[in-house]
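Only one chain is given next, in structure tokens, and it is the form predicted alone.
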Amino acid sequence: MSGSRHLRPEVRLPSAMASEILNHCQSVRPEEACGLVAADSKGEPVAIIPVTNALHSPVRYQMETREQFDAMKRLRREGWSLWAIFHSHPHSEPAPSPTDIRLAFYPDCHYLIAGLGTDPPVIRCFTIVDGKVSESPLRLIS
């Protein structure tokens, strides 16, 4: 992983939403899955919005443009904000790849990566700012 790795304060995600992310990721495996997580006005995650991986690749993702546009419109319409971008690594560690780091254009949101190569699968949480990766412990809550 390029950039230095720093541990940040824990991030809380409802376990039902984590399950929703993992189910979506498993459903498109062996391709990488991707999507958005919306937050309410208090900054709490409230919705998972899966988006098609336009590349249909097991090692890269690019959100389908129209779906991503519609998802962002939905966030605005609901009064939500972008809390996280998620994607999966179907066969590798849930850590940002050099490509993930290079294409991280949202410094104020979390990047959730689901690693499907372990049993059970695991989701890790990162922020990526100017090529610097920081991991935050992800706490699943009821």
Partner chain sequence: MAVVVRIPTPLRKLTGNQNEVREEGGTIREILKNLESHYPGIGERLADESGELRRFINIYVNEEDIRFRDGLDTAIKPGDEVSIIPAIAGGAK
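Residue numbers count along the first chain shown, from 1. For clarity, every value in this text was computed on a predicted model and none was experimentally measured.
We do not show the form predicted in complex with the partner chain, though everything after this point is about it.
Peer 1: Under a 4.5 Å heavy atom criterion, is Arg74 part of the interface with the partner chain in the predicted bound form?
Peer 2: Answer no; every heavy atom of Arg74 is more than 4.5 Å from the partner chain in the predicted bound form.
Peer 1: Taking heavy atoms only, is Asp108 within 4.5 angstroms of the partner chain in the predicted bound form?
Peer 2: Close contact exists here: in the predicted bound form, Asp108 approaches the partner chain to within 4.5 Å, heavy atoms only.
Peer 1: Would Ala114 count as touching the partner chain in the predicted bound form under a 4.5 Å heavy atom rule?
Peer 2: Ala114: no, not in contact with the partner chain in the predicted bound form.
Peer 1: In the predicted bound form, does Thr99 come within 4.5 Å of the partner chain, counting heavy atoms only?
Peer 2: Judged by the heavy-atom cut-off of 4.5 Å, Thr99 is in contact with the partner chain in the predicted bound form.
Peer 1: Who in 43-66 is close to the partner chain in the predicted bound form, meaning a heavy atom within 4.5 Å?
Peer 2: Contacting residues: Val59, Arg60, Tyr61, Gln62, Met63, Thr65, Arg66.
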